[in-house]
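In the block that follows, a single chain appears as structure tokens, in the form predicted alone.
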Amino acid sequence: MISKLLQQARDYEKEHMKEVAPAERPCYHVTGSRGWINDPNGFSFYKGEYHLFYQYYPYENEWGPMHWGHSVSKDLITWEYRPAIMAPDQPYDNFGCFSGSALELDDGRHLIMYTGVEKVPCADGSIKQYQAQCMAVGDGRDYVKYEGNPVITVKDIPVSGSSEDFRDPKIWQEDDGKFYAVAAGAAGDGTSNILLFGSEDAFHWEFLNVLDSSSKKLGGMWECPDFFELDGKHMLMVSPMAMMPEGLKYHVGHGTLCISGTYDKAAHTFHRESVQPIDSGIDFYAPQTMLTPDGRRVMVAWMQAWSNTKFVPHGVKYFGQLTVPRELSFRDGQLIQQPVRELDAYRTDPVRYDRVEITEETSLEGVNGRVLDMTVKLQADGNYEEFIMKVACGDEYYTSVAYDPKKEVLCIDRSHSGYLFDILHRREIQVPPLNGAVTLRCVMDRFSLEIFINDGSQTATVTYFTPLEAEGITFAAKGKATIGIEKYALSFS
């Protein structure tokens, strides 16, 4: 039975989706059919398709009572919209169906675990918020919320915690058939805990342990946890709020962290070994991973930053995108990210240059466009003070990527991109050369740039709203730099 609120959202989608022309959207990055999206949710493979849900408010280009939007794909690159699957239509989620995850049950049903947020009026006139974990099951199109919701509340946790900050469950099933989930919780002293729960049937849960804690360091509340094994280590991914900067490694505000270590499955204990940022660009938050049928760990994230969400460019009919899905590996203590290999099938019109000497600002024949996959290899044997690449260039607009070889710093700057608000436009990243070069794989869609640095050992993501006719790409150097280029257009016709 579809609720009145959900049917209203679906009717609104159907009526207004065509108001956003295909040319106004990115070609291969997920957006909402209309309105606002943020965190990716329920990223999973079910009945032969990849399902990608997301936090969604269809009625405005701003955050509102959260629904779940829905897209599906056969190859992780081209996505088809499906109707919204959840609305805040129950007492326990009357303020929103917050983030969560999904998997397939043995009986063939698609199971969703999410945070329900309830707002309750108090006698003094104030409003109290309660967050709890809830379940829903469905068939890939329609979902029914579990009659026993909520299945975990803050009362089920034998450690101090906040009922207002207990959210974002990530569920998985081990080989022995048992189900586990991690969720983010806030303690009264400002510490954030990653809480581990277990279940025999995925509907009745018990608290097992605190996996890790912010310990009042590395930010405040750790949102959107994910926990999985990767190349012999366990990874705990979190998205901290209220980060303090640490050199160029961590930036202030909202961030993302990959914490690697060892996990004792019997004792349910995790021993931290290293911490590193997941993405060092401007627009990246709330990543979530899944295991593909062929055994790859693939991640997608919200390609946006909370700090600029109040500054929606004029005329934009939707707001928020998700990153290109990324394959993950862990090598020599470093998280490695690359665009999923399925993207290669859309490459066309190759252009290659080898050891081009760059001085004044230069355009190269065949190197332009807004939808492309381009690798630039900057040789370390040049004699230059700075190398500058500009993308999405027009007479007035561009986004620049500059490298200072002396400081070994890469700088992204979108202050000339047409995003005319006084928000963060510039970010610096420490990037040492690898094997005598700095390699930048630049994956571009109409309104975004994702840079995979030095074979994916670092990444930097940025969105921009430069007019689409600005499609030039230029290279320049203070001094003389030597570069190689391999560029492909990406075709989706």
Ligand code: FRU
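Note that this is a predicted model, so its numbers are computed, not measured. The first residue of the sequence shown is number 1, and the count goes up from there.
A second form of this protein, the form predicted in complex with the named molecule, is not displayed here; the remarks below concern that form.
Enquirer: Picking from 255-263, 96-104, 142-150, 120-128, which part of the chain touches the named molecule in the model of the complex when contact means heavy atoms within 4.5 Å?
Expert: One stretch meets the cut-off, namely 96-104.
Enquirer: In the model of the complex, is there a heavy atom of the named molecule that lies within 4.5 Å of any heavy atom of residue 223, even though the partner is absent here?
Expert: Yes, residue 223 sits close enough to the named molecule in the model of the complex that at least one of its heavy atoms falls within 4.5 Å.
Enquirer: Against the named molecule in the model of the complex, would residue 306 count as a contact residue? Criterion: heavy atoms within 4.5 Å.
Expert: Residue 306: contacts the named molecule in the model of the complex.
Enquirer: Is residue 279 close to the named molecule in the model of the complex, meaning a heavy atom pair under 4.5 Å apart or at it?
Expert: No, residue 279 is distant from the partner.
Enquirer: How about residue 167: is it within 4.5 Å of the named molecule in the model of the complex, going by heavy atoms?
Expert: Yes - in the model of the complex, heavy atoms of residue 167 and the named molecule come within 4.5 Å of each other.
Enquirer: Of 55, 463, 458, 31, which one comes within 4.5 Å of the named molecule in the model of the complex, counting heavy atoms only?
Expert: Going through each option in turn, the one that passes is 55.
Enquirer: If you check 38, 448, 454, 44 against the named molecule in the model of the complex, which one has a heavy atom within 4.5 Å?
Expert: The residue in contact is 38.
Enquirer: Among 384, 387 and 485, does every residue place a heavy atom within 4.5 Å of the named molecule in the model of the complex?
Expert: Looking in the model of the complex, the three residues 384, 387 and 485 all stay beyond 4.5 Å of the named molecule (heavy atoms).
Enquirer: Within 4.5 Å of the named molecule in the model of the complex, which residues of 200-222 have a heavy atom? Give them in sequence order, or say none.
Expert: The stretch 200-222, when checked against the named molecule in the model of the complex, contributes no residue at the 4.5 Å heavy-atom cut-off.
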